[in-house]
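Here we start with a single chain on its own, the form predicted on its own, put down as structure tokens.
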Amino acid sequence: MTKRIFTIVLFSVFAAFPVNVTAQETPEAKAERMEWFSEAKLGIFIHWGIYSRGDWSESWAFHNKVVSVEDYFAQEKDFTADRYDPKAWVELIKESGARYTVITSKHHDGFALWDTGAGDVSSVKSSPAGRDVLTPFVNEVRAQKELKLGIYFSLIDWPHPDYPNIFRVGPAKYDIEKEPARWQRFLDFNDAQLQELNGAYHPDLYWFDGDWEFSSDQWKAPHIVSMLRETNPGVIINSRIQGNGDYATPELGVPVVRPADRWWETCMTINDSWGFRKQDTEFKSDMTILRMFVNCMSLGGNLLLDIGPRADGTIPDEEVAVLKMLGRWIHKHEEAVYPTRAGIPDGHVQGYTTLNKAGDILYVYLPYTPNETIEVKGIRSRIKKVRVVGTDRELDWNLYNDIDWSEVPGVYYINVPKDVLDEHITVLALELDSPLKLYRGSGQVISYND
């Protein structure tokens, strides 16, 4: 196992807690700060590190005793990045239709992808890559105007000699309450690395992970957020910093009901692994991925879809194909993706839905082939036109049981011929005569008929 010498770079600013520049943030100001995130819809997650040799999972392999710490870190010798093309990565991400990307700067194993001055465990100092591989990627992202940069950072660093865990390379596991100075050394180490990332890259988003092992007070989470926002006030921070973030992050599953948080994303793998795994060939189908994406949109959230490049920097063909498929579909249906908001509750139509910002266009996503018509009920607003998004086709419909004495609106039956169907998910735009109003009752019984 490579010898680890951790050099803690202390900054005088860490001695005092900086002012929380968002403590008095109004709801309106936060909504403005979160606007790009709410409109992004799709992000691409990248898990890349020494685990990308593909034999075991990232970090958890030694945590769960699948492999020894020594054998896990022996993978460093294969992290060459000799076929790494950051420009090609970013071009693929842009082609996918994603509006942001999140890359692992450091996972729970402590292996940093940039030239950190706060330790010797990095692509520069402890791998044959021998160079900073994060900065070239960041530079390519910044060259794309419509792409936002997110940086993943693990709060935990299991092998670090000052981290109180059984995997450290130093003395025995300790109680942070009994050895506060040692715990503070680790917190200073984290602060130093975050200060480097914030100063060098000024990311649009931080994606924290690993907060579950300690409380907000123990992590000094408010201090971390304040420190980052002191020089990067517009930065968005995910929920995994003990309740001090901006948005929720349900993992590996689209919620059944819309989360209580106004802003949220689901992070999802393309197969069953975050990082590259040689044996994992359980890739989700195009339709499965696309359904998940549309489902997230219908509930007002984003999909953060993960790819796992190999240690040499190449991206598996199966993952490239999925991103290209998403790009084709999103490009065709762009009006029903970026400017939309959450749709209507279940029960009104058999399909996913979203609304445009004005609320006078209801988008209906059909992940199936209709036998004849699709039924739309409980719509008080009148339909003026039905179009097939991404084409020049308009569709016919019938309105049944539209009775003037009843508060229950009539039911629309829209004809959807097979020759207008998309190869994956067809999208209909229902143009309304006014912002959408719904009927959510249980029906009405006639009490008088003249």
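For every residue, the number given is its place in the sequence shown, counted from 1. These numbers come from a predicted model, not from an experiment.
Although not depicted, the form predicted together with ligand GLC is the subject of the following passage.
Where, among 24-32, 392-400, 418-426, 56-64, do residues come within 4.5 Å of ligand GLC in the predicted complex by heavy atom distance? Heavy atoms within 4.5 Å of ligand GLC in the predicted complex occur in 56-64.
With the partner left out here, check for me: in the predicted complex, does some heavy atom of Y368 sit within 4.5 Å of ligand GLC? Result no; Y368 lies far from ligand GLC in the predicted complex.
D162 versus ligand GLC, in the predicted complex: is there a non-hydrogen atom within 4.5 Å? Residue-level check for D162: no, no contact with ligand GLC.
Do E140 and ligand GLC come within 4.5 Å of each other in the predicted complex, heavy atoms counted? No.
Since only the chain is shown here, I'm wondering whether E76 would be in contact with ligand GLC in the predicted complex (any heavy atom pair within 4.5 Å). Outside the cut-off, so no.
Check each of Y152, F189, W114, W89 and return the one that places a heavy atom within 4.5 angstroms of ligand GLC in the predicted complex. Exactly one listed residue reaches within 4.5 Å, namely Y152.
Only one of L355, C267, A81, I236 has a non-hydrogen atom within 4.5 angstroms of ligand GLC in the predicted complex; which is it? Only one option qualifies, and that one is C267.
May I ask whether R258, D346 and Y363 each come within 4.5 Å of ligand GLC in the predicted complex, counting any non-hydrogen atom? No: none of R258, D346 and Y363 comes within 4.5 Å of ligand GLC in the predicted complex.
What residues, if any, in 206-228 have a non-hydrogen atom within 4.5 angstroms of ligand GLC in the predicted complex? Stretch hits, in order: W207, D209, W212.
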